[in-house]
Each structure stands twice: as structure tokens, then as C-alpha cells.
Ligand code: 6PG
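The chain below stands alone, shown as C-alpha cells; this is the form predicted alone.
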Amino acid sequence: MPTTVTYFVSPTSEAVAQAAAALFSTEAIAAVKARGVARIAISGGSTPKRMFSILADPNEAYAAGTPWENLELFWVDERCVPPTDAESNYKMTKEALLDHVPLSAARIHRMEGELDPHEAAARYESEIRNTFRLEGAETPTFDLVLLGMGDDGHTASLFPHTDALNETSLIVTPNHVPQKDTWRITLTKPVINQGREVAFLIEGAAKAEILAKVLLGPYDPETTPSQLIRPASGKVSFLLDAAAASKLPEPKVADPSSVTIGTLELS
């Protein structure tokens, strides 16, 4: 099925973080209104960190407006480190967001990066199955999945030429990443693609060329795994700053205060 890419180009990285916070809060409110609960999977990185700070800021509308009491928070991926390690996605989220908002511990579902990666992945799969009350081979449907993209075109911990790219039967899988000489834990492609709303947060000139390759280049997901993200909904969003979007087709940011919107169709 064709996928419609909608890319929202903001003039600055700060504006991208603001747009991401608005998306997080809006989708949480809509999910709670529709189903009584919002289940959101988040990623690490500098843009999410700033987004979390905005969501937690009592001077912003999001802190009070987001339905924290009805939100279940999950992670897209995690490094195989303890939750106190500086590299931990959970640690970053805790310091930027969780320590400042009324989200109960029972609704915070972290990946246990301190465990053996196979055990951690299996435990997280069980956590998701229990929380979503899945049966058999059912796939969870997150209300919002927030992704980043690396300079090599990876997303989540789906790195080029690694085993996790071809995993379709599991919800969560360990993934050995030879190019980084490390293990990661990650949601799998089918789970990400089942999300009701899937959005990439990408900023900086260093991402411009790889982003253009992912969206405009030939389909080669072994080399550029972000191309695997073709949601079942038929749509995916990219929240970009002007630098990251510089190699995409018009529109470009002409008015420094504006946000422009472009679309692409992926077959």
C-alpha cells in the first residue's frame, strides 16, 4: 500500500521540539477521549529531550493539559546499560520529564537495559503483552510512536545490515550492532508500523543527505532501515527543521517565523 509522507518544516530546532510537544499532547488527549488510555512509545535523542522539557515545563500549557493519569509510556528502544548510565534513554527521559510530571510509576514501562539483552527483550515483550492484553500473535497498537533517525539511516535500534531488520514474529528483539560493538533492545518493524500515528523528529544539516536518501532514493532498507517504516495507516509524519529538510522538494521555509508542509507519496 502506498504511504503518504507529510513533512512539517520548522525554521529552528527549538520550533521542532515545540511541534513535537504539541503532537505528543494532542495525540494523548485524542487517544484518551477515544479509548480511555493513551499508549505512547518514545525514543532518545536531543530533540526528544527538549520536547520532554517543554512537556514538563509548568509555564507551558502541555504540563497541565496532557492527561498524565491516563497515559502509558513505553520506549521504542534502549541501550544495554543500567538506568543510571548517562547513555540510558530511560535516564534522559526521567531527568527531563518523568521527575516533573504526575505520571505514576505503574504507567512507566522501561526496557531493562541492565539485563542480558535476550532476557530484557523477552521481559519487555511480556510487559507489552500484559499491558495491552494481547492474545496469541496479536500486535500492539500504540497511539503514537516517536522515532529519530541516525546519520546512517537507522531508526529505533534497527541498524543497517543487522538481524533485527528481518524480525517479524516478535514484538521486541535484542539486536547486535557490530558497527558499534554493542547490543540494543528494540521494538520490531511490524510493531512500529502498527502505530496509529508514527512520526520522525529530525533536525540538523548533518541529517539532510541521509533523509533525502531515505525519502527520495531507491528502496534499500538493508542499507537505510528508516525505509522500513511504512505504517499500516498509510501515513507517516516527519517533524523537521529547515536544515534537515534542505535537500527535500519544496516547500522550503521562506518566512523565518513560518512552518511549511510538504507531502511525498512512497510506493
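In case it trips you up, residue 1 is the first one in the sequence shown, and so on. Note that this is a predicted model, so its numbers are computed, not measured.
Below: the form predicted in complex with the named molecule, not depicted.
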item: Candidate stretches 164 to 172, 74 to 82, 106 to 114, 191 to 199, one within 4.5 Å of the named molecule in the predicted complex by heavy atom; value: 74 to 82
item: Residues V37, R39 and P140 all lining the named molecule in the predicted complex, heavy atom within 4.5 Å; value: no
item: Touches the named molecule in the predicted complex: H154 (any heavy atom, 4.5 Å); value: yes
item: Contact of T93 with the named molecule in the predicted complex (heavy atom, 4.5 Å); value: no
item: Residue contact check: P231 to the named molecule in the predicted complex, 4.5 Å heavy atom; value: no
item: The named molecule contact in the predicted complex: I128, any heavy atom under 4.5 Å; value: no
item: Of S46, T26, S53, N70, the one that lies within 4.5 Å of the named molecule in the predicted complex (heavy atoms); value: S46
item: Residues in 195 to 224 close to the named molecule in the predicted complex, defined by a heavy atom within 4.5 Å, in order; value: K207
